[in-house]
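Below you'll find only one chain, the form predicted on its own, shown as structure tokens.
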Amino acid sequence: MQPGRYLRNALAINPDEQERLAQCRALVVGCGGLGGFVLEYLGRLGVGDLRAVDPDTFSEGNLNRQLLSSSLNLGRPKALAAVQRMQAVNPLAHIEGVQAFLTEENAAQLLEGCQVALDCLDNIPARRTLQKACALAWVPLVHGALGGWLGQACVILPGENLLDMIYPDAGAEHGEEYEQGALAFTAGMVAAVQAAEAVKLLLGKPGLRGELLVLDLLNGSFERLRLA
């Protein structure tokens, strides 16, 4: 019998699929603007095992958009806040908080047992490291990024180096977020797309494949760009 908390999922996610989600593990790298919302969505939906990775602590500049931040936890680790939030939101979901940078040395261990990974990072080199590690571990990766009113998301299957197409400048450090800022509703929208794509991957449903979904919330437009 499914817990009552998932009754409103039932018309879109059947009981067998709900049980399947409960057996899945997702790696969320970054617990900031994107990661906080991604963890919230996946945990509330019933993904049973979450691993949240972030080396950082909260600062006042996070308060405009990061779900996990508050004036009460400034200076505290983001990974710890992720654990505490999920324990309060859905104690049926197991969550592991890892306060560490993602590196080539620890990426394989962080991906262990995961069926999907979500890129909620804010710098391009770390994204490339995660893409490479996911390819080696044969784990699909859901990328997300934002800048001001703009956002983007795509699914990267093992062996597809789509980030090299999205960020062709091999020496670039940061994307649009550092040029245009980061708004709460953009983070929430991109994270919603990431969570939806992750759930579709876990349930074997069709999703974004070889395409970049670009959101322009200022003009109210959504565009799917085919990646070669």
Partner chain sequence: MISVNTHEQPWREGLNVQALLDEMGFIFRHIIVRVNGEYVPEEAYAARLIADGDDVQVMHLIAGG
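Positions refer to the first chain, counted from 1. Keep in mind it's a predicted model, so treat the numbers as computed, not measured.
Unshown form predicted in complex with the partner chain; subsequent notes refer to it.
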(message) Since only the chain is shown here, I'm wondering whether residue 41 would be in contact with the partner chain in the predicted complex (any heavy atom pair within 4.5 Å).
(response) no
(request) Please check if residue 224 has a heavy atom lying within 4.5 Å of any heavy atom of the partner chain in the predicted complex. (result) yes
(message) in the predicted complex, is there a heavy atom of the partner chain that lies within 4.5 Å of any heavy atom of residue 168, even though the partner is absent here?
(response) yes
(request) Classify residue 115 as contacting or not contacting the partner chain in the predicted complex by the rule of any non-hydrogen atom within 4.5 angstroms, answering yes or no. (result) no
(message) Given a 4.5 Å cut-off on heavy atoms, tell me which of 26-34, 196-204, 56-64, 43-51 is the interface stretch with the partner chain in the predicted complex.
(response) 26-34
(request) Note which of 73, 152, 99, 129 lies within 4.5 Å of the partner chain in the predicted complex, where distance is taken over heavy atoms; exactly one does. (result) 152
(message) Given a 4.5 Å distance limit between heavy atoms, list every residue of 107-129 close to the partner chain in the predicted complex, or none if there are none.
(response) 120, 121, 122, 123, 124, 127
